[in-house]
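Only one chain comes next, encoded as structure tokens, the form predicted alone.
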Amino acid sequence: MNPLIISILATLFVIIGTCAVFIMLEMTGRVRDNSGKTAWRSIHKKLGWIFIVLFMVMLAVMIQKVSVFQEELTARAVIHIILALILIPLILFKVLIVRRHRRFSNILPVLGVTILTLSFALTGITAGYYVLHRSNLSYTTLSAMDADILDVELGKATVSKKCSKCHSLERVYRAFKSDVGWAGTVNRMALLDSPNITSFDVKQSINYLVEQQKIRQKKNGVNLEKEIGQTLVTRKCSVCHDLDKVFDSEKNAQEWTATVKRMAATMDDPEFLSEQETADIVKFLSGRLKE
């Protein structure tokens, strides 16, 4: 999930928690009549369940990210996990008191304030971090002038550390893409975690992925152009229809160009297919006539 979305959810999480605690303090302090307490209690209950749902969503995302992370966790990540784990029994204990053990209701304000404090700290590590560490990362590609700074081993380490934060590396090493394709993918992924990824990291990652792809090509006798084209067809064309329709068609390069551009236009997304990707798809599909 996009860190920006997580930050928004985390901020909403704290705002709802703050409102719930404020209402609870109102009920235990200033609100005297039962009718007023009934209305406050109803609002507090709804806010409480929304608070728990948001917490479960963020916890699920955290577990998913940690499960695929292949490097040692940072101190910030460890603190984040500890706070989340502490919140679990506290929230369960509060729900248990409200549902089953009303005689302990006098400690609910203290428990609510404690949960809010920990939630604020948890959010500060996520939303706060991304707000304070905004990046001016721009689209980055390789050029001839980068030869002196590029290092394959450094690129490997960067890919292993950065890419594994969101998904397994298996999908990275199975993919076949053109140089432009890898640049687009790495830049797109970098924007999702821009405070932690620099333009230098992007350059090293692109260089490593392109180089390791060449090694796979030589080692396995892979027709790189064919693999790139087939991968794009599988990933892009299957969005709208069965691939049998694609592979059963016999067209020349000009006809495929018109077809691919027409299909891309129906997506109403100018970034769905780049010019390079269009060319790779057309070359693969039209080349099948010669096989």
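Numbering starts at 1 and follows the sequence shown. Just so it is clear, the model here is predicted, and its values are computed rather than measured.
What comes next is about the form predicted together with a small molecule, which does not appear here.
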* Structure fact -> Of 174-182, 140-148, 210-218, 101-109, the segment with heavy atoms within 4.5 Å of the small molecule in the predicted bound form is residues 174-182
* **Residue among V152, I81, L192, V95 with a heavy atom within 4.5 Å of the small molecule in the predicted bound form** => L192
* **Answer option from C19, L25, L12, M267, heavy atom within 4.5 Å of the small molecule in the predicted bound form** => M267
* **Contact flag, C163 vs the small molecule in the predicted bound form, heavy atom cut 4.5 Å** => yes
* Answer yes if any heavy atom of I115 is within 4.5 Å of a heavy atom of the small molecule in the predicted bound form; otherwise answer no. => no
* To do: Give a yes or no for V246: in the predicted bound form, does one of its heavy atoms lie within 4.5 Å of a heavy atom belonging to the small molecule?
  => yes
* To do: Evaluate C240 for contact with the small molecule in the predicted bound form, applying a 4.5 angstroms cut-off between non-hydrogen atoms, and reply yes or no.
  => yes
